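Encoded as structure tokens, the following chain is the form predicted alone, with no partner shown.
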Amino acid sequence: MEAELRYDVLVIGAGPGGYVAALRAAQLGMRVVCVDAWCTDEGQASLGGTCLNVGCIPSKALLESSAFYQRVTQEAMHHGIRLAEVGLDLDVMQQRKQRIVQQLTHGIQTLFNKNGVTFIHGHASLSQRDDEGFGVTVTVLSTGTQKVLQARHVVVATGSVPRSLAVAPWLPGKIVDSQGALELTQVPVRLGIIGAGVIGLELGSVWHRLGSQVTLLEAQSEFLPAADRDLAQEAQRALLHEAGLTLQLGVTLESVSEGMEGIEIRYRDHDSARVLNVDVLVVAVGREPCTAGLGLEQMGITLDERGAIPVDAECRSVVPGLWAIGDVVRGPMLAHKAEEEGVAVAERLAGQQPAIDLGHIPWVIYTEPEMAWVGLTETMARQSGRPIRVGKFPFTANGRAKARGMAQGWIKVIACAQTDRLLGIHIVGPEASELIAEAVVALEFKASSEDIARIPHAHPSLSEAFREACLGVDGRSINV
């Protein structure tokens, strides 16, 4: 079938990586089309992928609402604020979340219109490759019709999907994935979560603040194994001992079934048989690349052991003209990592030479206190063989944190003992998601701890803690 339309760039997927790649390519003067299949429950196209529709954005909306509710019910009295009655209207909270989602997803369509990006709603699959300038052919199925498009370059940005467990098959409203957990219409009295990673901790925080008894079951024997050990221990203490979440580590699931007392979970914990009954069970055991139906095999692409598309350091696949970014390739499954790759690919197509250091991609967990880190952990730094020095500053000694009533946690800085160059920054505490940006800038510009220590920071501010931690590398913190 002859191609109906030809483009310079065709992007498959309109999540953070895809829509950003499309916009940047259009800014650089290319003719761009973006194809995405996401539908709302009403069958309408909705841009933004998992992140905007059922992931990052709605979860942060509920985290903010639930934190607000917790502050009103538990902390207002400490500020001298007396409240006669406080109630929870979950319907209104969910409606607020959905309004935010709709505003942002509609905003992407506005950006597409502004920048001249063509959007097609439908399922895209790679058909073939030719060598006549328009290298990749894509077939799009949309509302019962078929379109054949050709592009010089195709960028696969189809994201990821929740990983399922055979032992815990989905049961609407009772055994759900992360999307289902964000759409609950009642606060469960007992909520179980399989997986104590980023998603499990954030979802657990939302519903615990609203009144659920939350139990997390984690297969790993170590809490947050990818994080710095100090950070993981501080977070575990804050979330479990103070916030009230319940965590079981080293768990082996045996069965999950619906019983008289709700969802019954049978598992082993350190060789002891245990039973947990909950009203709702959330399966949050990670995500896997979304590549089904793309036709990668017929293009000569074999997925790696993670189910990801193999690419080089610049996101090129083995097929000329075919690129892949975000959750479908190596590296962390983070929206901002996908955005950076989307911009970089578009600029490479325009002849530019951008570079991305995956080691400088920040990680954030939006619990309370928040957690964020970038660069090497202390263990990784020591294992690299280089001598290091460590500075740490507690938020209990930070005036702004004390005034806000959020003085949990600290900032930890790891620097090379020989060059003083910063190697890693780890934060547990208020606004860690915002504070980590300065740390990323410092790593990108190869700053030393002395550089940050010599830069004035506003007083009083949370960011002073970063400066104090850098001063601590040399043993000269002022306020501790």
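These numbers were taken from a predicted model, which means no experiment stands behind them. From 1 onward, residues are counted along the sequence shown.
There is another form of this protein, the form predicted in complex with ligand FAD, and it is not shown here; the text below is about that form.
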Can any non-hydrogen atom of Thr377 be found within 4.5 angstroms of ligand FAD in the predicted bound form? no
With a cut-off of 4.5 Å between heavy atoms, is His123 one of the residues that contacts ligand FAD in the predicted bound form? yes
Taking 4.5 angstroms as the cut-off for heavy atoms, does Val101 touch ligand FAD in the predicted bound form? no
If you check in the predicted bound form, is Leu294 within 4.5 Å of ligand FAD, heavy atoms only? yes
Which pick from Val54, Ala453, Leu435, Leu443 sits with a heavy atom within 4.5 Å of ligand FAD in the predicted bound form? Val54
Among Leu276, Met333, Met406, Met93, just one has a heavy atom within 4.5 Å of ligand FAD in the predicted bound form, namely Met333
Of the candidate stretches 322 to 330, 206 to 214, 238 to 246, 307 to 315, the one with residues having heavy atoms within 4.5 Å of ligand FAD in the predicted bound form is 322 to 330
Within 4.5 Å of ligand FAD in the predicted bound form: residues from 209 to 239 (heavy atom criterion): none
